[in-house]
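To begin, one chain is listed below as structure tokens, in the form predicted alone.
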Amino acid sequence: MGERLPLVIYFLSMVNWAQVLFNSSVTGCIYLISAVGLTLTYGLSKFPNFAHAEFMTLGAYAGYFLADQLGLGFPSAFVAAFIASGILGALSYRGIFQPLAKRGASLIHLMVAAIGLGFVIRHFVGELWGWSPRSFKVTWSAFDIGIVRVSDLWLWLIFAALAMAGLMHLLLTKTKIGKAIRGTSSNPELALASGVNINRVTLVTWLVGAALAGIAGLFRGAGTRLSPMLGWDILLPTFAVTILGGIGSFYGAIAAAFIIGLAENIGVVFLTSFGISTEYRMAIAFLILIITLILRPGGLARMFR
């Protein structure tokens, strides 16, 4: 270890840290888009929806179907991902989770139902498009901004994440349905007593949350490859963002997404410097999740009240 330390220090001194920070922002944007819907539905429905992974997967494949298989171009993929995943999320709530909740289903029942639903969607996607990895045909141009290497896909991702954050802020603070979502998440009994239609509010939240998950899956698939396991591969970091940000906290999720994105990318640098496989980057999000649950179960939510 003592002999290797100088090599590690030399490696770290040669790292393009500006690139690491930019890559962290890209990772954080994907986690932000995927986690916002999960944290809002988690806050209202009070259970972790593991089928959220498959909402991301379906969005990616729906976009692939329109953009590549029908030849309508990549912009159409955004519409397809948003609509397909949003409808699936609304149908999942109305057809499965709402009836189960009305029948007094426990947290475990709802979790198992979500896992089962995800299993069904995953295998449906696998049978429809095959289990072999696929890639979008579109070629993304890469160019340098100073010492940072970027691509137009990453810039579109950052723009989409910032636009989504801005629109969600306006939705939650300036509209009646947004205020109802916040009120139902923080105190459902008081919201019900105030005349809020909780079922309708929750349905809208599931639709929007799943639609955003579809967009996150689309960017993930466009930047890497498509596979029926696409959403599951980033579900753990998404849950880590949700827990660190505080369940039901939109603003906490924004901060947590970039914290975990930064931690992962810096972690990759150190893993590489010690000659350790970068596959262990997933353990970083898991470690943050455990530490948060032990030290600060409420996450960052209190900072944004």
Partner chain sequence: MDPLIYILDIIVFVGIFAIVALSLNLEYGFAGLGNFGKVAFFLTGAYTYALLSQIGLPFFLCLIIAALISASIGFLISLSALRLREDYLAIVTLTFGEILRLVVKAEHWIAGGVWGITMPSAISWAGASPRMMAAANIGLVYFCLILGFILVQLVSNSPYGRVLRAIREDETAAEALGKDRFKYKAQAFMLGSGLAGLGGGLFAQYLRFIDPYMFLPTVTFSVWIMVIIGGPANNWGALLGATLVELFSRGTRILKDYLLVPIDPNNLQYILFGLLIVFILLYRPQGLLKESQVKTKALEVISRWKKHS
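What you see is a predicted model, and the numbers here were worked out from it, not measured in a lab. Positions refer to the first chain, counted from 1.
A second form of this protein, the form predicted in complex with the partner chain, is not displayed here; the remarks below concern that form.
**Q** Decide if the three candidate residues L88, L162 and G166 all line the partner chain in the predicted bound form, where lining means a heavy atom within 4.5 Å.
**A** Contact check failed for every one of L88, L162 and G166.
**Q** Among 54-62, 261-269, 22-30, 232-240, mark the stretch whose residues have heavy atoms within 4.5 Å of the partner chain in the predicted bound form.
**A** Among the candidates, contact is made by 232-240.
**Q** Only one of M111, V138, L155, I147 comes within 4.5 Å of the partner chain in the predicted bound form by heavy atoms, so just point that one out.
**A** Only one listed residue qualifies here, and that residue is M111.
**Q** I need to confirm a contact call. Of P75, G223, P99, P133, which residue comes within 4.5 Å of the partner chain in the predicted bound form, counting heavy atoms only?
**A** Of P75, G223, P99, P133, the residue with a heavy atom within 4.5 Å of the partner chain in the predicted bound form is P99.
**Q** Decide whether A18 counts as a contact residue for the partner chain in the predicted bound form under a heavy atom distance cut-off of 4.5 Å.
**A** Close contact is absent here: in the predicted bound form, A18 is far from the partner chain, nothing within 4.5 Å, heavy atoms only.
**Q** Taking any heavy atom pair closer than or equal to 4.5 Å as contact, tell me whether F143 reaches the partner chain in the predicted bound form.
**A** The answer is no: F143 has no heavy atom within 4.5 Å of the partner chain.
**Q** Quick one: does M282 come within 4.5 Å of the partner chain in the predicted bound form, counting heavy atoms only?
**A** Heavy-atom contact with the partner chain at 4.5 Å: present for M282.
**Q** Report whether the minimum heavy atom distance between I247 and the partner chain in the predicted bound form is within 4.5 Å.
**A** Answer yes; at least one heavy atom of I247 falls within 4.5 Å of the partner chain in the predicted bound form.
**Q** For the stretch 45-59, which residues lie within 4.5 Å of the partner chain in the predicted bound form by non-hydrogen atom distance?
**A** Residues within 4.5 Å: P48, F50.
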